[in-house]
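Listed next as structure tokens is one chain, alone, in the form predicted alone.
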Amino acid sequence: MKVGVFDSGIGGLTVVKSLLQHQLFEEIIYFGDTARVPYGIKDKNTIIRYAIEAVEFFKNFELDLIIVACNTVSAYALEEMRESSTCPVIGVVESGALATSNTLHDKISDILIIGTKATVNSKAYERELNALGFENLQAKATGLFVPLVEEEIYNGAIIDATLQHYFHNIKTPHAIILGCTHFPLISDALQNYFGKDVILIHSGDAIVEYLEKIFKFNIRYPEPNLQFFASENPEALRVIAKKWLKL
């Protein structure tokens, strides 16, 4: 199978890493809209327009599947992308909610959802989790983490101050949904702040779990063909991809 992975920037590489670890695809085409990151502060119509443009880009590659790694796009533009696409389109919100349900068997567990302002305002995760029986939900927009990760700042004084800024009055939850693909890069910092017992729900692992449930992967691909594209400075994206993915 040949898959396209779309993200607003570099964060979707965390999803690519999970796909590589599970050897699901023969070819992976990554497109990061680095010229217009972050999406999380933009309005719904703009997000939809950018998402449809990504679908048009992917039509050059005859894909079997598109994975929308961006939580903001998954929350606002999935149906429009599906209408424009010639192949199936899967987002990370539904898969993240299902992964949470599979991990937390106690429906009264306290769950903290963190993401961009747009993702949190959409209440997409709350709808999915409510439908699965979870009610003790709290969402927090934590958009400052996105530019920090884009600058490859994953720990240290700036991250610690940002964690304190956002979470100083937040009760420690049972689980945190990392509602942005940039956030797995600060997993260690989050774990140090909240404690090692807090479960982190990672979009990449969640999408793999979801894919393996709905598709039959009879063949594994230990050395898939990888291509990386960006709307601005693609070479910088490729450099980061080599570092993060250890290529």
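Worth saying up front: this structure is predicted, and the values here are computed from it rather than measured. Quick note: we count residues from 1 along the sequence shown, nothing fancier.
We do not show the form predicted in complex with a small molecule, though everything after this point is about it.
Peer 1: 188-196, 66-74, 50-58, 216-224: which one contacts the small molecule in the predicted complex at 4.5 Å, heavy atom to heavy atom?
Peer 2: Selected range: 66-74.
Peer 1: Using 4.5 Å between non-hydrogen atoms, is Val89 touching the small molecule in the predicted complex?
Peer 2: Val89: no contact with the small molecule in the predicted complex.
Peer 1: May I ask you to state whether Tyr39 is within 4.5 Å of the small molecule in the predicted complex, using heavy atom distances?
Peer 2: Tyr39 belongs to the contact set for the small molecule.
Peer 1: I'd like to know whether Val146 contacts the small molecule in the predicted complex, with contact meaning heavy atoms within 4.5 angstroms.
Peer 2: Taking the distances in the predicted complex, the answer for Val146 is yes, it comes within 4.5 Å of the small molecule.
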